[in-house]
Ligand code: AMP
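Here you get one chain, nothing else, as structure tokens; it is the form predicted alone.
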Amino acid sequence: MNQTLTFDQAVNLFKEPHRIFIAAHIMPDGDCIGSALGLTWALRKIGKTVTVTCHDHVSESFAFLPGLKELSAQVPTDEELLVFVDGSSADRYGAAFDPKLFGARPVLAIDHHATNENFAPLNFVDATRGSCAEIIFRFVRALDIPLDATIAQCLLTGIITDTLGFRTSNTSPDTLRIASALIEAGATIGGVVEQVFNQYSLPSLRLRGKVFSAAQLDGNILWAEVSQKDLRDFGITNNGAGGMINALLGVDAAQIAALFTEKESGKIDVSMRARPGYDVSGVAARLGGGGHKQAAGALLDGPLTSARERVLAELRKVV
């Protein structure tokens, strides 16, 4: 039976093992990447040997983070502790999460999503936090690991991206206190904002123009879609549609925004955003995904048309 741990119990798991495996989830966002790398560099600072992995493409938007190129697809080998960060279900980790490979060693999931399924043998979930990076910060402090600019930049990236620059409703006073401590340790807000929010390629700009011009308003639900043909036509691969969903919610008539992106596999990546007072996490959970009240998503079977209608039917119940 899977077990829910207290904070102290979860922290204690890191004290004895020397070799540790850390996995980021598929379709990784800034919080996932920042949390995985921040924890990696912190543990290495106290002499641990850490393998960090991700079974998906990682956006070049995060190339400024040290260690990003280490996030290749790997599976557990001889590590003594396995850690899965920022994911709410086992299928978010691809081949990295394989119970046949676990053996008797501890397997810990660290997350902040209210829709978390307590999928790992051991789980620490704090849904009061605006980002997983805030939880990792608490772990680093509890393990008496001194912050440095590398650790701080990774964790601040996680906080800024998941709170959309401190704009989401779950940005708490403690979120700002943690961010302040990270800045004092050498991280910079401007560096994250410039790299993640303010820069994208010319093909990505052109794709946005096509997608935004075809966006549809269904009551107060704004939706748009990105097909594989769109991506091929503009010479874009993998995460070229990243960030579009946040722009969609900027339309004044929209209370909820949804973006449907067709993957090479034929699956449909569904991203949803909502204004305060609306909750899309339940919709995501019913679709087999997860997330927060104002930011959630799921991965559905195609084709685009059927996936879109399925999601819109659920969203209409919310509004």
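Fair warning: this is a prediction, and the values are worked out from it, not measured in the lab. Position 1 is the first residue in the sequence shown; the rest follow in order.
Below, we refer to the form predicted together with adenosine monophosphate, which is not included among the displayed structures.
Among the residues Gln153, Thr163, Ser88, Thr175, the one placing a heavy atom within 4.5 Å of adenosine monophosphate in the predicted bound form is Ser88. Contact with adenosine monophosphate in the predicted bound form, judged by any heavy atom within 4.5 Å, is made by just one of Ala10, Ala295, Ile20, Ala307: Ala295. The partner is not drawn, yet in the predicted bound form one stretch among 48-56, 33-41, 61-69, 267-275 has residues with heavy atoms inside 4.5 Å of adenosine monophosphate: 267-275. Contact check for His113: a non-hydrogen atom falls within 4.5 Å of adenosine monophosphate in the predicted bound form. Not displayed here, adenosine monophosphate is kept clear of Ala254 by more than 4.5 Å at the level of heavy atoms in the predicted bound form.
The shortest heavy atom separation between Val283 and adenosine monophosphate in the predicted bound form exceeds 4.5 Å.
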